[in-house]
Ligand code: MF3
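Quick setup: one chain, the form predicted alone, written in structure tokens, and binding and motion questions come after.
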């Protein structure tokens, strides 16, 4: 396994890419409301990206047809925005997006409530986010990669949620998906040692029910097998000589 170590110049380009992506997520969050066709989220993202002279790293990726992924309720990831898919009061919606800036990728996902949502769904969103922050406590030079995986599992499993095992986090840099793969569930091995300069996309995907998933007929949209709601929280992080830097938050 070859894990790239980024130079200071590369890190700065990734920082700019991720800060831009963070701004885009903030703009997308503002328009989420009942009655909104999910294509409007994609339209806003496409305009944001065009106005800044950058590129979506999802559009045309292995044939994916939109600038961002918009996944509603039991859709775990890779939901395709459309004018027919309308947000309703009480839904939860996950937005996964990325930008290419001067050849360097950013990647981050958020899950939001639509209008007033149930306490059960809100807790799922909150604890999925919290599991990310528990995981990155272990994201320090000298620790092992799967220390992150184990910390996420240890935190989230006590709630009885299902951890999605078919999809994992990954390295990110000049490619959207680089080595290493980063599971969100406990591993028997500890994995490679973390080094300063590694850039990783950590992304817990957590179901209210079981963790099993299936792919829809469009061959993109992944849904929970039992139909339970799913939450997704992701950031691109930088391993440093101290605490990790969350590049997609500032």
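Positions refer to the first chain, counted from 1. No experiment lies behind these values; they were computed from the predicted model shown.
This next part talks about the form predicted in complex with the named molecule, which is not shown.
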item: Triple contact flag 61, 96 and 176 to the named molecule in the predicted bound form, non-hydrogen atom at 4.5 angstroms; value: yes
item: Residue 220, heavy atom within 4.5 angstroms of the named molecule in the predicted bound form; value: yes
item: Interface membership of residue 78, the named molecule in the predicted bound form, 4.5 Å heavy atom rule; value: yes
item: Non-hydrogen atom contact residue 206 with the named molecule in the predicted bound form at 4.5 angstroms; value: no
item: Residue 69: touches the named molecule in the predicted bound form, heavy atom cutoff 4.5 angstroms; value: yes
item: The unique member of 170, 121, 129, 144 whose heavy atoms fall within 4.5 Å of the named molecule in the predicted bound form; value: 170
item: Residue stretch of 61-69, 42-50, 189-197, 208-216 approaching the named molecule in the predicted bound form, non-hydrogen atom distance within 4.5 Å; value: 61-69
